[in-house]
Structure formats: structure tokens, C-alpha cells
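Okay, here we've got a single chain as C-alpha cells, the form predicted on its own, with questions on binding and movement later.
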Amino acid sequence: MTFQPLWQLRAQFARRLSRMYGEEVPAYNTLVDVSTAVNEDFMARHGADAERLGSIGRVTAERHGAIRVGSPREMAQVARVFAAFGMHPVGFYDLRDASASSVPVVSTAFRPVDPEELARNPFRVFTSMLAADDPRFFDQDLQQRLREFIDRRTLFPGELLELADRSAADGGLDTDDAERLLRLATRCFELSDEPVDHAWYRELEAVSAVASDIGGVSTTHINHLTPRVLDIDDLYARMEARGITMIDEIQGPPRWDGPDVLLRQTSFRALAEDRVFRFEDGTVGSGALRVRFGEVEQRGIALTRAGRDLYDRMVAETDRRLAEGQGNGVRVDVARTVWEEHLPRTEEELALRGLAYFTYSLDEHALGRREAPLAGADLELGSLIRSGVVVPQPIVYEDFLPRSAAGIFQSNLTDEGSRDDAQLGTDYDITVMSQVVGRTVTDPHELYQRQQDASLARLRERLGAVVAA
């Protein structure tokens, strides 16, 4: 039998989920087709520069999924499932206060953490857990009934968890076990045809449509599956031209004439999907729910902590100007002006100011043209960059933005739900999330810093000199 390593299992898992989701939500196939066309046209216009943040092969195959679970037990189990595919929890996202709507979830993302594994297949799953213990959303009675409902269900069968643990421990599985793992894992995220308790679902929906999607049904499912595109504005226009209704705006940084940073996201609006309901009188009948949507993303350069501080200040300044009525109330126009005032217009300047993460390599031709040798000298990285001897290569942002995620959720909700801000919210942070999933949730900055530091170590070794960053 052939042994299948984690990255191959991950690639197959992403393909199977994509095929399954396309059958359930046909508009997703349109989104993928349009994304492919946009990327091909972008490559034709920009050539090799189009691959500065990842090869076209990687970008075309890239997906991130999103699922929702209801409890720490379910979160710990799904962590075991994703570990079977070499996917680890990275980042903590609190969506509860990131939106004006009621979005009572905290999240992490499961993804590869090694750059080589990301290059082989960068599949990620943004995974949200219902904060069912937060009294701002759920009173004590509803909290108790939610716990009982969620505790009664089984999202991930024992056989799947056993295979997952073995795959994670052994670094993969033989062909037969790999096939069984893939079938069981994919099946867990299919949309169930089991009748939905109408009264229970609507009671939770009054609090939050996200809460009802998590705690109002007996299974979980793929909430959206996201391709990556090289020009999200082009994609947005093409989808609208096909008569597919998109959300009102693209979330995240604006389009501007400087470097793309972090993450831009948009989606088509959630579509009504036929579901079977069990009504209060015991009868079973058809109905529709509008909870799943088609998201797409454009990824930029990962920002350092200093860069993220600047980003947060720019977002706050955009909000302030909008509140004052500047820019005719158009967020992207106001944001673009703020970006032009505060953010460097070149990658080199981002690197020189320590605002973004890069790997650093030598330009051997520029090095050979130098008159003075570098070996044994004490060197300053900025000077080497300005002279062209060292070339910064941007590190792609592999993670998410809580405000953007909440904005996508909010744009696809039918109403804002309810919350009682007189209550004190339950504390969650990356440490608590680590306890929930049963393994350390990594701060993404640590991963980017590690990648940058490794390139600097290679640079110092090659030059035989101290290079001060």
C-alpha cells in the first residue's frame, strides 16, 4: 500500500470539500470559474510580478473553508480532525465586538504552519465556536438548553477521531485508511437533510442567525469555501455582471496604488436553501434558510506588530472621518485617502520601516559589483537593502482579520439579532482558546518572525558578517 503524507491528505481533503460544496451551492462553482478567469487575465497583464505573493499554481488551488461548532468539546474534536491533515490552530479572533450585529462566536484558524507545507497546499479552515456562556447573548435558561442540545449531538464519529489521531501521530496514512479518513471527514461537513426543529431554530435566530446556524441544528457544515483571487475588484465586477448579488463592499484594506497588505474579502449574498423543518404541531414540512454564502479573498503582505498598530490606527481614522461625513460616506474612498497619507507606497519602504515581514536574499550581481568586501564587517540591513545587495521578498499574510470576518457575517445576516450590553461578557483570549482546543494556539506573528529570522540567519552566514536588522 502507498503511504500518503499529511500534505497529500490535506490537498485531497480540500478538493473533496470543494467538489461537495459545489454540488450543494452551485453558485460556488461560478465563483471558482470567475476567480480562475480573473487570475488568468491578471497573469497575462502582469507576467512574473503576478506571482510575487505566491505561484499561480498555489493561488489557483488555494482554498479556505469556514465551519462553526457549539462547544469546547466539539472544538477539541475538530482540532483532532484537522491535525490529521497537518493543520494546526493559529490566531485568535473575537467576533463578538467586531460587528454591530449579534455575532456570538470566538474563532481560530487551522492551517499548515511550515512555509514548505503552505507552499505544497495552504488549505485553511476558519473555525468559530459559539460563546454559549456569554450572558450578553444568552440568559441562564437559554444557556442551559443550548448546552443540553449541543451535548446530545455527535458531530465527529469515533472512527474518524481514531483515524485522525493515527494520521497526526504517523505523519499520514496508508491508502485504505487514508480513503476512509477522507470519506468520513468530508461527510461530517455535508449539509444534513435531518429535520430542523422550527421553534428552537427561530428562538436562537432571534438572538443571532449565527447562533441558530450553530446551535439550532444537529450537525455542522461548510459555511463557505473561499478561493483566492489576484484582483478582487475585477472579480466583484464580473460576478455582478453575471447577475449574482454581492455584499455591499469589499472588506479590509482599500484598493490603492501601493502594496497590497493583509487581506481583502468579499462574498455573494447568502442564498435561500431548501431545508426540512419539524414544526410545533409535530408535522414535517419544507422551508428555507439563508445562512451559507460564497466568499473570495485577495491576500497581501503580512504586517509586523508595528505595521498592525499602524493599520489599526488607519482603520480608526477612517471610521472617524466617516462619522464626520467625509468622503460622501463611501468607506473605500475615505480609507484610500487615509492609506495614501500614512502607508508607504513601496515594499522596500515597508521593509526599511519594519512594518511588514520579508525574507531576505542576496543579489549576487550587486554583491559582485561592490568594491569593498563585506565579510567580517558589521552591516546594517537597511543599507544593504538600499544598495540593492539584499533583496526583500514579501511574506504573504496567511491569516484573517476579525473585523473583516464579522463584516462578511453581518452582510449576510437577515437582521442584527439582539444583545444585552448591560451584562459583562465572558473573557476569551488566545490562552483560553488553547485550553479549549487542547493544544497551543500559535500567535501568527511568531510564525512570520521565525520565517524572517531564518532568512536573516542564512544571510549572515552567506556574508560572514553581522547584519543588524
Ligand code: OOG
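Note that the coordinates shown come from a computational prediction; the quantities given were computed from them, not determined experimentally. We number the residues from 1 along the sequence you see.
One more form of this protein exists, namely the form predicted in complex with 2-oxoadipic acid; it is left out here, but the text below deals with it.
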Report whether the minimum heavy atom distance between Arg111 and 2-oxoadipic acid in the predicted bound form is within 4.5 Å. no
Does at least one non-hydrogen atom of Phe126 fall within 4.5 angstroms of 2-oxoadipic acid in the predicted bound form? yes
Should Asn223 be counted as a contact of 2-oxoadipic acid in the predicted bound form, where contact means heavy atoms within 4.5 Å? yes
Does 2-oxoadipic acid come within 4.5 Å of any heavy atom of Thr304 in the predicted bound form? no
Quick check for you: of 439 to 447, 23 to 31, 60 to 68, 45 to 53, which stretch puts a non-hydrogen atom within 4.5 Å of 2-oxoadipic acid in the predicted bound form? 60 to 68
Tell me, out of Tyr360, Trp200, Phe277, Phe293, which residue has a non-hydrogen atom within 4.5 angstroms of 2-oxoadipic acid in the predicted bound form. Phe293
Which pick from Gln265, Thr186, Thr318, Ser99 sits with a heavy atom within 4.5 Å of 2-oxoadipic acid in the predicted bound form? Gln265
Only counting heavy atoms and a 4.5 Å limit, does any residue of 236 to 257 reach 2-oxoadipic acid in the predicted bound form, and if so which ones? none
